[in-house]
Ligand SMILES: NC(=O)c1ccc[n+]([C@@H]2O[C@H](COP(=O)([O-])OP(=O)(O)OC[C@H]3O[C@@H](n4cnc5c(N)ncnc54)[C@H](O)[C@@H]3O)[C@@H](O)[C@H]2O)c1
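First comes one chain, alone, set out as structure tokens in the form predicted on its own.
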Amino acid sequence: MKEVRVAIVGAGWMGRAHATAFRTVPMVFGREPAMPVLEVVADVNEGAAKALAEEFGFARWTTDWRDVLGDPRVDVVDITTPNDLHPPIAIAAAEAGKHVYCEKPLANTAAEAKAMTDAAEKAGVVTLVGFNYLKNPGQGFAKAIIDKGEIGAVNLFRGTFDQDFMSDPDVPFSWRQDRKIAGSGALGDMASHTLSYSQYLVGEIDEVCGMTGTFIKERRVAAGGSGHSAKATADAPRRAVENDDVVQFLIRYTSGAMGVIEASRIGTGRKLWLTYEIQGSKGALFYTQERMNEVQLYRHTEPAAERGYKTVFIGPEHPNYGAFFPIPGIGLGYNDQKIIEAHDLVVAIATGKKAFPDFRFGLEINRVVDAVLKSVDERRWVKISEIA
């Protein structure tokens, strides 16, 4: 049996999600064409690395990610660190001949993403970016509907990603509000997911015009934890928030379609309001991650007395769902999307094919993010071609 041996760099919440996915792949999809094996976990926090290794059965752990580069027992380097570490780890891994799986956003700038893409393509390694929401079987269904022309020529994309996890001003400062580490805020962290839908389902963007806002100007400095798990005491010093809480931008696609994307990490009332509405000349699609096992489909070609959105429940007729359940409507969850993502990577490595979405896909999203930031700074429409 062929094995794909995995090194996970980053032992936080996302590292745990990836480890769970790899461990579950053979239980859902079987052991062919290859079996993922958790080989090593790396994290600067010795306790976190050791704990994850012991809990998930990694062969070993280390506090230095460079240890995995020359290790012949490692086939793929899986990066779940904060954003600023994505480029050096990914480039070094590719140059060492390792396949690379990297969480989104690919990088904090398009220039960094380009360097990562160039290194991987030069090395001929498989790459995958963690836009896991694309792995929902409903997105494959929506893509097929659009590609078959069932909703006609697309003329409008309307997308959102609102969450209220940062709406409480007492939630402490974390690396996600540090521009040097995280880059942009709601734009890169959240709207990049909406952009992945846009890019996958509608296509290439020609130009954008955006605005951003930071409404909670300062937060207490965390005394412990990191990211979403950060904690701060009531008397902790405060630090200025360095990136955006809210972003909105208009879109013109190369196809002639129009669009708008909005994202907020202080979006009160919304838990995972990651949505899109795609309108075409013959129909429309609507989806929200808060009801991730449903896609709303409207066909304007139906009799006038019967027109309206209908609910399509995700089932075994849609990509990858059948590996989990034999009947529709039971429902997948967040981790199931990660399992599909990990499976797709293992299959690509085992068969010598490309994985999707790869670094080049992630690079194009980084170019759009940079264009939005340039638009905000210069208060004008910016063409994506302006971003090298």
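Throughout, we count residues from 1 along the sequence that is shown. Given the structure is predicted, the values throughout are model-derived calculations rather than measurements.
A second form of this protein, the form predicted in complex with the ligand, is not displayed here; the remarks below concern that form.
S.K.: Spot the stretch among 208-216, 307-315, 82-90, 111-119 with residues whose non-hydrogen atoms come within 4.5 Å of the ligand in the predicted bound form.
M.R.: It is 82-90 that comes within 4.5 Å of the partner.
S.K.: I'd like to know whether Phe361 contacts the ligand in the predicted bound form, with contact meaning heavy atoms within 4.5 angstroms.
M.R.: Close contact is absent here: in the predicted bound form, Phe361 is far from the ligand, nothing within 4.5 Å, heavy atoms only.
S.K.: Please check if Met14 has a heavy atom lying within 4.5 Å of any heavy atom of the ligand in the predicted bound form.
M.R.: Yes - in the predicted bound form, heavy atoms of Met14 and the ligand come within 4.5 Å of each other.
S.K.: Is Gly130 near the ligand? Define near as a heavy atom within 4.5 Å, in the predicted bound form.
M.R.: The answer is yes: Gly130 has a heavy atom within 4.5 Å of the ligand.
S.K.: Should Ile330 be classed as touching the ligand in the predicted bound form when contacts are defined as heavy atoms within 4.5 Å?
M.R.: Because no heavy atom of Ile330 falls inside 4.5 Å of the ligand in the predicted bound form, the answer is no.
S.K.: Which of these residues, Phe324, Phe56, Phe356, Tyr334, gets a heavy atom within 4.5 Å of the ligand in the predicted bound form?
M.R.: None of the others qualify; the residue that does is Tyr334.
S.K.: Name the residue from Lys98, Arg270, His193, Lys135 that puts a heavy atom within 4.5 Å of the ligand in the predicted bound form.
M.R.: Here the answer is residue option His193.
S.K.: Any chance all of Tyr200, Gly259 and Tyr298 sit within 4.5 Å of the ligand in the predicted bound form, going by non-hydrogen atoms?
M.R.: The answer is no: none of the three residues contacts the partner (heavy atom, 4.5 Å cut-off).
S.K.: Within 153-184, which residues come within 4.5 Å of the ligand in the predicted bound form, counting heavy atoms only?
M.R.: Contacting residues: Trp175, Arg176.
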